[in-house]
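So this first bit is one chain, no partners, the form predicted alone, shown in structure tokens.
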């Protein structure tokens, strides 16, 4: 609306100042093109921020020196086998360059590829389903502004009983219900922003919430810690001993920014990548919102 109003005012001024109708038309068209380019640049910048908030780089970049960001190849070890992330650069042959806006939304909201195949839930569409249309399309705009990278996707290495898309479809039918995030009117704007970032865009529970034997997140133990491959993922509920209940809000915010714990130690392993590629790139306000949400959770002792 603001861009449209500015363009209208500038165009009116140009028409009054120009004696020639032709000159006025050319100038108005130029202004409209400039306004559209400005709006697209703004969308891409917003998408870059949201891509960091969504943790896309950490998962979609190989864990080797010199790896091309977002070109896929990252291995994710799970009890069901090894999943390997795909190329999400705008390469049309090996990436997502042929995807429409609706293809992109369907993948993140419904866990379904443009070809109609159901994704394995290692791709956290179960969290992204809560993200807004505006945020997801901004992410797409940013991804499509990047240089395409030709890097073929690798096959997952999975246990036989979960290795087919039929198994993925069955899991989805039993365990997934799509839907957008709805703010809680009883909570503050900061809490709601934190809930949106933690539950959906940042999908923190994908690592920090334990799962059932079928890979379903245990909602009643949100952020109570889990095991991912050989890595023990910590409890980040406000339990004073098992979790981060002794941390202040500023401790949490600073950890998400610089990776330093209150005792002076630093985050390592996969959390180091999350801080480098994700939380350190957020605004201080967003990190404080994440802290506010985490501090509001029920304190959970370890099992």
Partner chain sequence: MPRKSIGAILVVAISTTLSIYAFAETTAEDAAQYRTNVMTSLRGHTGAASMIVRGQVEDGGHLVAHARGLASGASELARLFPAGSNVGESEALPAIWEKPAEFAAAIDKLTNATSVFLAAAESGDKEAIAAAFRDVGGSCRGCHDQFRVAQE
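Predicted, not measured: the structure shown is a model, and the values here were computed from it. Positions refer to the first chain, counted from 1.
There is another form of this protein, the form predicted in complex with the partner chain, and it is not shown here; the text below is about that form.
For the chain shown alone, residue 275 is a contact residue for the partner chain in the model of the complex, at least one non-hydrogen atom being within 4.5 angstroms. The partner chain is not shown here, but in the model of the complex it comes within 4.5 Å of a heavy atom of residue 254.
Using a 4.5 angstroms limit between non-hydrogen atoms, residue 70 is distant from the partner chain in the model of the complex.
Taking non-hydrogen atoms only, residue 267 approaches the partner chain to within 4.5 angstroms in the model of the complex. Along 217 to 235, a single residue, 232, places a heavy atom within 4.5 Å of the partner chain in the model of the complex.
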